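One chain comes next, on its own, written as structure tokens: the form predicted on its own.
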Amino acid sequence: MTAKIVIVGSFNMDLTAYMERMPRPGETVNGRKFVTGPGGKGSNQAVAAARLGADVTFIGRVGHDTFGDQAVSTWQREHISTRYVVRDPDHATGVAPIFVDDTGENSIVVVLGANLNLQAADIDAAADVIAGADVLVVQLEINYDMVAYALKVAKQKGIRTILNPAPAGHLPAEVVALADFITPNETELEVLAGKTGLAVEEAVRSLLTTAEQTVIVTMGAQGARYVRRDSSELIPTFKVEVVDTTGAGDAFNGGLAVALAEGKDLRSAIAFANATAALCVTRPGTAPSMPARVEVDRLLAAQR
């Protein structure tokens, strides 16, 4: 049965410059290449899930501009439903200037534009699709009130939810409590927990509100650690040649959503998400770097 995923989130046009090293404050460095491409955490996760074989619906806003046109074209090309994408008449499509150095590390500035104008009515319009979904995913590149609202609607309909608290931000405990799975990286975990200097498991346990809730902390080359009230385990990732880490977290979340929707157990779902992220970092870009299902299955099979 095809996994049904609803993504409530952002689209940003990525404007990516590649250079030998990052500039220091006040310094200009020469870049060697500049490319544009579709991005935004929500959109990247939608593309990742679609390429993994899921039936994906996107809920969000883009402007009435060239970048908005490119967003819709991207989703249609990836067979992502755009029925609940609103073309905002008053706000420009989000953009994200990205700087990538020769080690693959990146720095990003996000101007969210229309993403921040998502309305409760936009989510309500898709109520039937949400009710029929296996998993709903939301991130923090939209209005935080709409993050909470999307989680509430899904919870009321008995749909499992993934909260990817990225970029790092503070959320009320009652909003965090609405998510079944929370997927921060280590920096995002620290911000979400509101405490510095804590070990990963200690920080995570300060977030957990129920025995069923799961936090999965993405830890780069180490893999991902899941923590529940009664258990914790690091699921290692795959050794690959890193080209560009941009989009790795989005690949992980798209992979996790699909794996959970397909009924995989937690360890297997995280391994699937790790494989998706590992393949993503072997090529440049964000949405364009998301792997196909056959690639993920092949990588997993090679490790058995």
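Treat the numbers as computed from the prediction; the structure is a model and nothing was measured. Residue numbers run from 1 along the displayed sequence.
From this point on, the text means the form predicted in complex with a small molecule, which you will not see here.
Among the residues Ala221, Ala120, Ile108, Val129, the one placing a heavy atom within 4.5 Å of the small molecule in the model of the complex is Ile108. Partner proximity in the model of the complex, defined as non-hydrogen atoms within 4.5 angstroms of the small molecule, places exactly one of 64-72, 269-277, 36-44, 255-263 at the interface: 36-44. Residue contact check for Ala96: one or more of its heavy atoms lie within 4.5 Å of the small molecule in the model of the complex. Contact annotation for Gly247: at least one heavy atom lies within 4.5 Å of the small molecule in the model of the complex.
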